[in-house]
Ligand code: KG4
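There is one chain below, alone, in structure tokens, taken in the form predicted alone.
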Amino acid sequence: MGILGIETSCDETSVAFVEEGRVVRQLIASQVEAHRPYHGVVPELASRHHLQNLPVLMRELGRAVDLRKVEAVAVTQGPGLVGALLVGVAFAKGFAAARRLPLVPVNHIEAHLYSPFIGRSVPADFLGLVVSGSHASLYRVRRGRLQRLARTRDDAPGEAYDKVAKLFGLPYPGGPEIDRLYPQGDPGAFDLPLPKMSDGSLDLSFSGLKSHIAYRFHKGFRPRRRGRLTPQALDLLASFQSAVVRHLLHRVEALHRLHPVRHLSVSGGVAANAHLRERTLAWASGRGVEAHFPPTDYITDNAGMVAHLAWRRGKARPPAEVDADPGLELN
């Protein structure tokens, strides 16, 4: 089956053509430069860029593959920014209706969850960590059935990275910048407390960690000297990244003890973080677990993972019955 994938949940516009589970062609238009002056995604601006980018990407995709081979259309239904999702869903509905094709609505988080297995077999039982700028969740996937075990109560990891980076005058997005600077600091210089849930749950929380950094920053802290980050600033940034990764792996470890598995998938934009990868691989090696990360092309939001999930386990619906759902839950 040939499937056209469309992704517009946040600030990446993407289209892809998947045939028999193989991503034949994928195109992504990033909006990073448009949102950089605001140190975060501006929803209205994101929607406007999706409107501009989608027709251009579709024309380019049509030059690379024969769109007459499309037998179904897959689109991100949610969660995400409501305006951004509406652009993609409306475009997909129009394309599918005009060609009398079935439409497959896809959950954005589930697409990330399965992205490490594009072009590979899926383990029958695995633990999945999804971490990005707007999401942080842990799932148990057993024979295709999903059970959410934990999720963030407040900020997502990527959001915390962006806000901390802004404090230090680093460019948006903050995650890659802090990860790049990490080797220059001492991650043990500051003892940053890890979050604990008052109800004893294993949910995640990053707002307290972010607030703790802000408190230290504003208490007689000199982040720069002669335009350059001070050694103390580099130490605090390294300590912050170390705390984020320790918090994530603490939850992975606790849930693995409750639900022992042989496979761990780590996906979402933060899966590109070098320190998270290094520590995850070390954790997995010590417990006989195989850690799976997405290929580079499928780490950030992309249409390849959307079409791939539709091919693997999607359920087609008439286009008229599909609407954008910014609060769409997975499980």
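Residue positions are given as counts along the sequence shown, with the first one as 1. Predicted model, so just to flag it, every value in this text is computed and none were measured.
Absent from the display: the form predicted in complex with this ligand. The rest refers to it.
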In contact with this ligand in the predicted complex (heavy atoms, 4.5 Å), from 277 to 285, 53 to 61, 264 to 272, 23 to 31, is stretch 264 to 272
(message) Is this ligand in the predicted complex close enough to S134, Y161 and D179 that every residue in that trio has a heavy atom within 4.5 angstroms of it?
(response) yes
As a check of understanding, the residue in G128, P116, G174, G185 with any heavy atom within 4.5 Å of this ligand in the predicted complex should be identified as G174
**Study point:** Non-hydrogen atom contact I299 with this ligand in the predicted complex at 4.5 angstroms
**Key:** yes
